[in-house]
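Two versions of one and the same chain are coming, encoded as structure tokens; call them structure 1 and structure 2.
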Structure 1
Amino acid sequence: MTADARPAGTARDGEAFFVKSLSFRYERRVAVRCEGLRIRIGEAVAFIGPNGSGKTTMLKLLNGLIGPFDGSIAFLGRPISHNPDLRRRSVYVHQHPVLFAGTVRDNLDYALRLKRIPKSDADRRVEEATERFGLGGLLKREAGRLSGGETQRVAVARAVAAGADVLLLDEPTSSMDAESEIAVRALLLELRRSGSTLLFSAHDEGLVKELSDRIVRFDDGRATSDNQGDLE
């Protein structure tokens, strides 16, 4: 698709998010402020900054989980409110995720059903995720009773299996053991190569260096990109 073929005001070719003059407050305190930010489809962007600087808040804003805010956020060229693409193509994974009642397998199946993945396809995807994330031993376990790291692994697996191509991951490996972390990193690299858009927050420098094309720095709520020209 070419940009020219689209009506005015829509996304430039390959633009995933376009944020302008954003400002969001919890009650009185401003938690996130961003003059402008453009994230292209297929980019892998790391959100870094000290605790409480607004990374989680920004990720939730980009996924339309919190609001209202001042300014504008567009996803694939359209405002995120009432944007059907948002739920179809992007998914957010909490810093400390929760799983639903039922087994781990139920959780995966459920997410696939929500994303309307056909049954035939679904089984294959669950199998794939199980292998990639080493969930073999966990599939039949009660999801609410897993350890911190296990929960995080399943939550990321659930998001990936659901097949969203824009992933917003909040400190995705913070509770994981070394082995899982390596596996998840490898997987995210692969997703990036295959064209998915990745936005993730992290305190772990290794993850940031290995995985990101670009860094957005957060400082006391102010988000600024290393990349110039985000705002024309």
Structure 2
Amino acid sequence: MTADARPAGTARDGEAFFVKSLSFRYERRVAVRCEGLRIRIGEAVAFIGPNGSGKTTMLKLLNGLIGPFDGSIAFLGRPISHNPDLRRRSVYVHQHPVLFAGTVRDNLDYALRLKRIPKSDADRRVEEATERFGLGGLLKREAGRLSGGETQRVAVARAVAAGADVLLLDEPTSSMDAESEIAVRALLLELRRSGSTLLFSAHDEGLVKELSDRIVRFDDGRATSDNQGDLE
């Protein structure tokens, strides 16, 4: 991974991610190419394009889950490598999230223990997340018995309770029944209104139109933003 083009700590005000001259390969195949991308704090940005076009790979690159890569990615003004804010404030939510064995309450509690959050503060966060995301009827349920929509809600609640305000979501409403999809859409809209930064891949044109402030299009790995100022 190369150093970012800007010195550490020099992000523009309100800038979450800054990407420049990014290229990532799977063996010999270029999986993602992006000349420049700026994501501002509080934005909701949709990644759209055909299956295999690089959307999921880009989300994982931004969250530091895969590499190495050519070019640079900065989060809050610092390169993502060894950037403690990346793990503290951002999270990647898989299309089919994995929850820990045990109850929904166990999942919330364990995530907070991993962050070494004091018990009194952790209990308050769990209570707030339970109310905010409508989990009261699910806390005692085994995680393995949740529907797809319920699992998505718990995964997001777990991340937010642990301190994440930048969420990278891979197809957050895919393969859901209508009721679950409505619940997850409402959750994402609430997060957007509350100021969270949302980056999400989607084929659902309705979700893109309803939720996103702008779009990044992917075609055969090449990412193109509809914001002409991304490289300024």
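Here, rigid core means the biggest group of C-alpha atoms that superpose within 1.5 Å across both forms. Predicted model only: the values in this text are computed from it and were never measured. Structure 1's sequence is the ruler for residue numbers, which start at 1.
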Identity of the form predicted together with another copy of the chain among structures 1 and 2: 1
Which of these, 55, 44, 93, 24, is right at the hinge when one rigid part of the chain swings relative to another between structures 1 and 2? 93
Rigid-body rotation of the smaller part between structures 1 and 2, in degrees: 16
I need the CA movement of residue 116 between structures 1 and 2 once the rigid core is aligned, reported in Å. 3.8
